[in-house]
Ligand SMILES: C[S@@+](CC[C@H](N)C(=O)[O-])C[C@H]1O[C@@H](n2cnc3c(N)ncnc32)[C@H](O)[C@@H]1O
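In structure tokens, one chain follows: the form predicted alone.
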């Protein structure tokens, strides 16, 4: 039995990929394999959605979790679920807010940024704010540019501003803000859509290094080799255009 099989309400409280194989696999990658970064820790859950990862962090022993989510209906769902499953008041806060507005001044040990890093255009600013929380461990689970579109630093003339075949790319994408699975409405929303960017793997590594983090990546190919039946619910991970990055302070 997977983690979320014990708490099946989470299969009903969101429109965003509430698939048992997918949620349970992600729980292993994000939480179970990193238990020491949750037990007794203060955690920030960015774009906390229906509270699934705030809940998982608390069940992993987190001392306190702050979840930030702009959609009130998802915050309401999280509160109902937490009461149903006996989560103690005072162990968490759920803030109905945009992420960039709320994160200033927050101090935590661990940050979860799951399913959000490709629904923003403020990647550098967000990672700056995350670093300022004091977090020693950050999980970024995100879509990335497809591997076939990635390039390498094939030329290097010593000038850091002249990067040929630049691998540090961002794809401009137009998100529908009315879709619960996409970005939230903001100042540049026009005709029901806003603009976001999907980072390359190299961009994530480069930004993390700039802010003093080393990066490792969950081995999804190995996971699917062990659990081939889960791949159908996780084609984005299987095909390499989504992955899970672990940032640890150097």
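Residue numbers count along the first chain shown, from 1. Fair warning: this is a prediction, and the values are worked out from it, not measured in the lab.
There is another form of the same protein, the form predicted together with this ligand; it is not shown, and what comes next is about it.
Colleague: Tell me whether 49, 97 and 116, taken together, all sit within 4.5 Å of this ligand in the model of the complex, counting heavy atoms only.
Modeller: Per the other structure, all of 49, 97 and 116 touch this ligand.
Colleague: Based on heavy atom distances of 4.5 Å or less, which listed stretch (84 to 92, 103 to 111, 69 to 77, 130 to 138) is in contact with this ligand in the model of the complex?
Modeller: So the stretch in question is 69 to 77.
Colleague: To verify the annotation, which of these, 31, 215, 197, 182, has a non-hydrogen atom within 4.5 Å of this ligand in the model of the complex?
Modeller: Flagged contact: 182.
Colleague: Looking in the model of the complex, any heavy atom of residue 16 within 4.5 Å of this ligand?
Modeller: Residue 16: contacts this ligand in the model of the complex.
Colleague: Even though the partner isn't displayed, in the model of the complex is residue 37 close enough to this ligand, meaning a heavy atom within 4.5 Å?
Modeller: Outside the cut-off, so no.
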